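Coming up is one lone chain in structure tokens, specifically the form predicted alone.
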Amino acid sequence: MSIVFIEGGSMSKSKKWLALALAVALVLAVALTGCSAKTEEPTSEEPTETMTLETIESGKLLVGSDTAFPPFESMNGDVAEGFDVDLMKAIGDKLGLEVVFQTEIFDTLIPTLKAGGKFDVIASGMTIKPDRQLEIDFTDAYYDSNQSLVMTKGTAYTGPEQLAGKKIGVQSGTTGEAWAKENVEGATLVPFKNATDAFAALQAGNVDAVVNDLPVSTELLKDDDRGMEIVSQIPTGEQYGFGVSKDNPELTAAINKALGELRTDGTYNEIYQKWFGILPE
């Protein structure tokens, strides 16, 4: 800032210097006040996603997942693959972060996320439920699902009452287990740590049926030699979401923004078709 002073011809030299000093003091006071105000005012610009993700370290997004839940996540040797895996990696690309999957047992995912320090996000075909929302936040839904009842091939299924006195395999902590508890009377529920173990038990004759998420049952039963089939599709109207700590709302917002962009630019549809063979409805 430059200040121009114009001297009046009749003003004495001492008065001119006094006026100059007062003017300079006034300008400095205004400048200092302006600086102070700018410091206190919140910025109107939104910070970049990577700056707001407080739990992200070294440019990595750590993801906890039950990696025995195909086609959403499974292990190919030491490498995680599946719909959730590809979708999270695409989200990571949007956020400028490397996505790293870590295998966890499903029913320990929420308490481990809440405890902090091990991973930042849950990506594990997890249904958005009110009781879970009390503990963690969920992103926008990214997949619609139902449940299924699987039995030995050739079994004539007439309804839940047929399961009384039977052993039903379920994955511990899942919506399939919750449905069986609420809708099947007189049956014994046998919990397993993952879906593949439940199907192995059915194949071995150790349980009489399995209740499990429909898309996963469909994937696991592609092999006709397993001797099992879906005898009933159970319409539960579930939606999957990615889980995030309630202490990190910035991450939830960033993932939602990335999901929206992936739907708009067609990447979501490409990943969906790759793993399910069809486009989303």
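It should be emphasised that the depicted structure is a prediction, and the values quoted were computed from it without experimental measurement. For every residue, the number given is its place in the sequence shown, counted from 1.
There is another form of this protein, the form predicted together with ligand ARG, and it is not shown here; the text below is about that form.
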When the contact criterion is heavy atoms within 4.5 Å, does G169 count as touching ligand ARG in the model of the complex?
no
Exercise: T175 in contact with ligand ARG in the model of the complex, heavy atom 4.5 Å:
yes
I'd like to know if R132 sits close to ligand ARG in the model of the complex, meaning any non-hydrogen atom pair within 4.5 angstroms.
yes
Flag Q162 as yes or no: does it have a non-hydrogen atom within 4.5 angstroms of any non-hydrogen atom of ligand ARG in the model of the complex?
no
Only one of 92-100, 201-209, 123-131, 154-162 has heavy atoms within 4.5 Å of ligand ARG in the model of the complex; I'd like to know which.
123-131
Option touching ligand ARG, based on a heavy atom within 4.5 Å in the model of the complex, out of F119, F106, F192, W179:
F106
Going by heavy atoms, what in 231-251 lies within 4.5 angstroms of ligand ARG in the model of the complex?
E238, Y240
